[in-house]
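Just the one chain here, laid out as C-alpha cells, in the form predicted alone.
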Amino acid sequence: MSSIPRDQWYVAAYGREIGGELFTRTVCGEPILFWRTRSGEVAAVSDRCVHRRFPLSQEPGRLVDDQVVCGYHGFTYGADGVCVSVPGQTRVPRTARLKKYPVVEQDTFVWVWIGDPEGADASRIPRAPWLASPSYSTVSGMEPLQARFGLLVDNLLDLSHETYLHGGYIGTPEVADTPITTEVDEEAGIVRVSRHIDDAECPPFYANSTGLTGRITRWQDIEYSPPCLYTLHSRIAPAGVLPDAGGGDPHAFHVEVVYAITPETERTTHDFWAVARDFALDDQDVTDYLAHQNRVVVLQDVVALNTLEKVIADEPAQYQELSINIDTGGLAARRMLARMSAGTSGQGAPAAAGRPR
C-alpha cells in the first residue's frame, strides 16, 4: 500500500514558477502540466497525451493561444483538458480528454488536489498568510529531496537535531537540552510541538539578522497540518524579555518558517521552504543573508535525509528504531499520516494563523 495520502491538497509550485510557458512537476507520482492562461489563471492537467502517452511538456510540445499542442502527433488540448483537435480527422473522440486537477493559488503557493476531484474543498487548505503579507519580508526556495516525505516530517518535528546537524548556523546546545510539550488536535488535524528556551546562546542565523549579541529568550512553536504544511513560529528576544500581559510583543523578533512537504514519488520529495520575518523589512543585506543561510541549513538536512533514505532502503530488517520523548510530535504525525494513507481520516480544518502560544 502507498504511504502517500490521497484526496489531499499539496503544494505543486510557487506562483512565480508558473507563467505563460509549459511547466511540469510530478506530485504524488502523477506528472502534472501547468501553465498560466492569458486571463492569469493556473491550468493543471495530466502531462501525458491520451494518444501515445507522450509528455506534453516535452519539446517540441508548445502552447498556442492557451492550447497545448503535443509535440509527437499534434493532439491539441484546452485548459480544461478537453482535446479540440486530432491529426488526420475532423471528429475528436469523446474520450480524448486529459485529467484536470483542481488548483488553488494562495499564500504564494500553487496548491493542487490529488485524488477524487469531488472532494476538493479549497476551504481545507491550511494557510500561511505571512508569505504574502506586506508586514513581513520573505525569502523562499525549493530543494529536491531523494528521500521519502515522512523522513522530512520526522526531521522538522524534532528540532533537537539543530544542536548537532546545524551547529554554527541555527543550532545551540540549549535546543537539544530543553524539553518539549506536544499537543495533538485530532479534530483540527494539527500536531503542535513547543520548546520555550528562557536563556540561550544567540546562534549566528539570528545574531546576524537581528543584531542581538547577548543571551536570548528563544521560542519554537511548531504547527504541522498533515500531510503538507509545516510552520515554525519562532520568537527571539533579549533574555528575560517576554510578551506583556495583554499579549503585545514589541521587543521581540518574529520569524515564520514554513515548509510545504510534497511527495514527488514514494521515495522522493519536493522540499519547499520559506522564511518570513517582521523586522528589517527593507534591508536587502538581511534578506540576502537569510536566503543564503537558510538554504545552507536546508541542504544540510537534504544531505542527511538522502543518506538516511539509502540506509533504510538497503538495511536488513533486524535494525531497531528507538523513540524517546523528543519524538512525540513525529510519532503523532506518523499516526495521522498512516490513517490518511489508509483512507480512514480526512484532512482537518485549516490551521488558524497566530502567534506562538
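What we label the rigid core is the largest C-alpha set whose atoms superpose within 1.5 Å from one form to the other. Residue numbers run from 1 along the displayed sequence. Please read all numbers here as calculations on a predicted model, not as lab measurements.
Beyond what is shown, the protein has a form predicted in complex with another copy of the chain; the following relates to that form.
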Partner-free chain; cross-checking another copy of the chain in the predicted bound form, the single residue of Ala120, Met142, Leu131, Ala96 with a heavy atom within 4.5 Å is Ala96
Among Val27, Val298, Leu33, Val69, just one has a heavy atom within 4.5 Å of another copy of the chain in the predicted bound form, namely Val69
- prompt: Would Ser323 count as a contact of another copy of the chain in the predicted bound form, using a 4.5 angstroms cut-off between non-hydrogen atoms?
  reply: yes
In the predicted bound form, does Thr37 have a heavy atom within 4.5 Å of another copy of the chain? no
Is the gap between Val86 and another copy of the chain in the predicted bound form 4.5 Å or less for some heavy atom pair?
yes
inquiry  = Is it the case that Pro102, even though its partner is missing from this view, gets within 4.5 Å of another copy of the chain in the predicted bound form, heavy atoms only?
reply    = no
With a 4.5 Å heavy atom cut-off to another copy of the chain in the predicted bound form, the contacting stretch among 156-164, 209-217, 267-275, 238-246 is 156-164
In sequence order, the residues of 72-86 that place a heavy atom within 4.5 Å of another copy of the chain in the predicted bound form are Tyr72, His73, Gly74, Phe75, Val86
_Given a core-based superposition, decide whether the C-alpha of Ala317 shifts by 2 Å or more between this form and the one not shown._
yes
